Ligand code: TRH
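Heads up, the chain below is alone and in the form predicted alone; it's given as structure tokens.
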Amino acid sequence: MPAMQLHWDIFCRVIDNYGDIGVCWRLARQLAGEHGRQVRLWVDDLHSLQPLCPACSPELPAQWLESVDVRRWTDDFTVDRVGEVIIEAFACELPTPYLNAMAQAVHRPCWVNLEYLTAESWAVGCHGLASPHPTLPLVKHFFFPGFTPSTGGLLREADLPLLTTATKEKPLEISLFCYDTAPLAAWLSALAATPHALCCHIPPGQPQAAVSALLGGHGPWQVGQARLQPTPFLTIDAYDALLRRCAVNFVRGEDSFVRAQWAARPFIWQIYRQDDDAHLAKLQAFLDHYTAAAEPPLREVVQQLFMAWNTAGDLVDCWLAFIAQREAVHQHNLAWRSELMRMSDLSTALVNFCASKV
């Protein structure tokens, strides 16, 4: 039944520890659970999926997880069948045997390269563009997530919890998810100067290692009125709940960045660093869009902290100004979330886009 595009194959190579697989796992679950698609998720490193989905067994070649057929993508890839829709996540390059099988299929599959999220204006012009394969009778389309109706939107479940449950009691809760390049020494100085009791949740991996390198030991640590508490790795649903609970969230990459926006709590984004500071243009493009409706003083407070966090700027003063305006930032984020929710979610947009290519 090619017209229904029932069978979907998603290919994911893990580059960032949890960002790429986080996006692909959420997409696969939603396509299966909400759109009734039969989804195979091909992953080259299932050890990165296991913390997000503890039921995953990294060594199994195939397993059924939350209505998704999860497959281990190995170098000796063999083809049993080709999907009606193929999602090549983040230009991961399909296995050559699979690509050849696509070209030989009676009904040509819909082939989509799911790109990284960006707010840059050029993405609107590139969204949906077709790219014929140089030697095979195949066409790949580029699909860009984004923040406007002219893009593919953002991953958002139909039953997305919208209740913000941050406690108003002390201490204020903060989550810290960052790369090891974050200016943590300056941030610790900012925490020491904060006139509030704080409880900072520090997840394992790069965040805990970076804090441990600065403060020694394995925590918990005390900095001024801030208690830095090591926390275990959370499943994606538990992590989403933490974002909704915390007064402020530090996030990174793409997946946690999007989830922080659905939580609507004040957040600070560390963008993935690129050569020649190319990432700063991407960061500024988002900030311009995200803060466009904010009053100028609030816009300045938000933009200055985002930039300081990503460039090792004057973090202490920027943080103190931001934390003092956290309720205003929260109200702005609620309005921002409402704007985003008026768009189609990414999985629905993908389903509709692919159906139009039959």
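The first residue of the shown sequence is 1; numbering continues from there. If you're wondering where the values come from, they're calculated on a predicted model, not measured in any experiment.
There is another form of the same protein, the form predicted in complex with the named molecule; it is not shown, and what comes next is about it.
Residue (of P266, P145, P109, G253) lying close to the named molecule in the predicted bound form, criterion heavy atoms within 4.5 Å: Exactly one listed residue reaches within 4.5 Å, namely G253.
Listed residue (F286, Y272, F77, W262) with a non-hydrogen atom within 4.5 angstroms of the named molecule in the predicted bound form: Only one option qualifies, and that one is Y272.
Residue contact check: I15 to the named molecule in the predicted bound form, 4.5 Å heavy atom: Result yes; I15 sits at the interface with the named molecule in the predicted bound form.
D20, heavy atom within 4.5 angstroms of the named molecule in the predicted bound form: Taking the distances in the predicted bound form, the answer for D20 is yes, it comes within 4.5 Å of the named molecule.
4.5 Å heavy atom contact, A119 and the named molecule in the predicted bound form: Result no; A119 lies far from the named molecule in the predicted bound form.
Residue contact check: L298 to the named molecule in the predicted bound form, 4.5 Å heavy atom: No, L298 stays farther than 4.5 Å from the named molecule in the predicted bound form.
One stretch from 100-108, 180-188, 230-238, 129-137 that, in the predicted bound form, holds residues within 4.5 Å of the named molecule by heavy atom: Looking at the partner contacts, the answer comes out as 230-238.
Residues from 193-217 in contact with the named molecule (non-hydrogen atom within 4.5 Å) in the predicted bound form: Going through 193-217 in order - heavy atoms within 4.5 Å of the named molecule in the predicted bound form - there is one hit, P203.
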